[in-house]
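Only one chain is shown below, in structure tokens, and it's the form predicted alone.
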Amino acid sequence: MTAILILFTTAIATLFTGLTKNRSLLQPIALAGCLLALGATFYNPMGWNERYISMFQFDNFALAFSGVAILAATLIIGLSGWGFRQLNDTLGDNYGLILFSLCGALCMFSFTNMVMLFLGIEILSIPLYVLAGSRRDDLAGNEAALKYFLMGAFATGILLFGMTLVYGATGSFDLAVVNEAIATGKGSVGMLQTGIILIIVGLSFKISAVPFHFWAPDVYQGSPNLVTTFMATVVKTAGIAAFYRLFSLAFEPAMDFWSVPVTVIAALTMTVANMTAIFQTNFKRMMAYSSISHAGYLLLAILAIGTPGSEGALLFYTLTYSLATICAFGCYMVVAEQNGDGSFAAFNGLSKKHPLLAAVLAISMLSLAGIPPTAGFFGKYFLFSAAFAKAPWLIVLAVINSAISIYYYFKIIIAMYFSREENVYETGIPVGVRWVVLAGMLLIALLTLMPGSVYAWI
């Protein structure tokens, strides 16, 4: 709760600071707020994180995932000095909207009532609808905002309908009461099962799982780079963590029913996304399909509910995935904006001009592909191990898809290190980007050396 209050106050401060001439203070204010919230997440002398507050429960699960989301947002704001450099009057609005959206993510980590889940999703999503179309003169950005808004509205409607049916079957929105009602066989089974299916569909839209993924490539490509980075990391983490929390605390007694559709969605998501990513030539579009494929891997944690270590595996995976994605987008921002080209060709000869960026991007791609001994390899190993007992054939499919993903991740590495053509890079690496990618690489290195340390957070 302390972290949410800090982030909310910081968001208000950035909005008012943006109205003044001191816009150079916006990034330091946002960074300070995120760092204070990160500290408050793990150290809270007032004890607010140890008890129920209304429809919240700040248990270890909520605090650990809040730490991941705030850390990712801190790194993204660190990139904003370069990513937002062309904004003037709307600079404070952009910082405020990112922080408000982060508050929604924290609500999605700690809810104990489906009403709070809905509110958290809306607090997370509404600022992003605006951010996706923040470049008003960009037709691609306007298209992205419209598609994101329409698909988000449909997904929310489906989710609410599912929650209504669950309420009709169990008589409550409270997760513990719903769990007890399902375990004791109260209410209409048909109504309950229909509600669970609709909730799966609604949440699958939020994490861009197949076949509810069709909005993601266009939205990721058309949105500003920092907004895309936020969607691919913080929003993805919030969606899958809320999915896990809801189904572990409320719907676990009905696991025999809902595990079948979740298994099908996970298999389709991994396969369709990886096969489609092979044919992409634009970096952001490739990363969109990469994000979709990782949603398929993350759904394995939902199937592993009840298995010891599943929460820790999900936490470690989201952390390593977020760090690698942020570092990759940090490098892309510098390369693509200097060349005016978002295709793979923009990276030709990067290792000769900017060896640091090339090394960071190469490590990020290797981690996303799950190549040992990177942190991404351990993330997939922990997650696949947790889910193997529940769906062994699905883990075999996941391993095959991980091997397929190597092909398109290595396209970037080949362009940087083995292409004969070289692009001209007129400027050096911006200071903010340099520090963020170095911090991201340091964290990935620590996770590689001490992968088991993250499990102590839950």
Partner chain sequence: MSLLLVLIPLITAIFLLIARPSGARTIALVATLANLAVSGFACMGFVGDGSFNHEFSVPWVAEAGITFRLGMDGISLLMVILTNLLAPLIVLSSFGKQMEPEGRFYGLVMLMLAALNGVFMALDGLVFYVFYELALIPIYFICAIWGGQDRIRTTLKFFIYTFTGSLFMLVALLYVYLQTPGTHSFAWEELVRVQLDPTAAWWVLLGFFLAFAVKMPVFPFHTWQPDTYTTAPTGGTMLLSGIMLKMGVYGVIRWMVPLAPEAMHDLAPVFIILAVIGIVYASIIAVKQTDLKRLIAYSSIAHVGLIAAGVMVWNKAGLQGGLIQMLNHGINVVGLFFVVDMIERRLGTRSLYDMGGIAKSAPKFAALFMIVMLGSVAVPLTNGFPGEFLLLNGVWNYNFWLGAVAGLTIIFGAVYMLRAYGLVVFGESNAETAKFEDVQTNEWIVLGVIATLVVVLGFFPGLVLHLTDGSVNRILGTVQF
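This structure is a prediction, so every number in the text was calculated from the model and none was measured. Residue numbers count along the first chain shown, from 1.
Separately, the form predicted in complex with the partner chain exists; it is not shown, and the next lines address it.
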The one residue among 173, 215, 251, 378 placing a heavy atom within 4.5 Å of the partner chain in the predicted complex is 378
Within 4.5 Å of the partner chain in the predicted complex, heavy atoms considered, which of 179, 142, 263, 385?
385
Can you say which of 394-402, 32-40, 65-73, 429-437 gets within 4.5 Å of the partner chain in the predicted complex, counting heavy atoms only?
394-402
How about residue 9 - does it come within 4.5 Å of the partner chain in the predicted complex, if we only consider non-hydrogen atoms?
no
How about residue 449: is it within 4.5 Å of the partner chain in the predicted complex, going by heavy atoms?
yes
Indicate whether residue 413 is a 4.5 Å heavy atom neighbour of the partner chain in the predicted complex.
yes
Indicate whether the partner chain has at least one heavy atom within 4.5 Å of a heavy atom of residue 80 in the predicted complex.
no
Scan 1-32 and note down the residues that get a heavy atom within 4.5 Å of the partner chain in the predicted complex; none is a fine answer too.
none
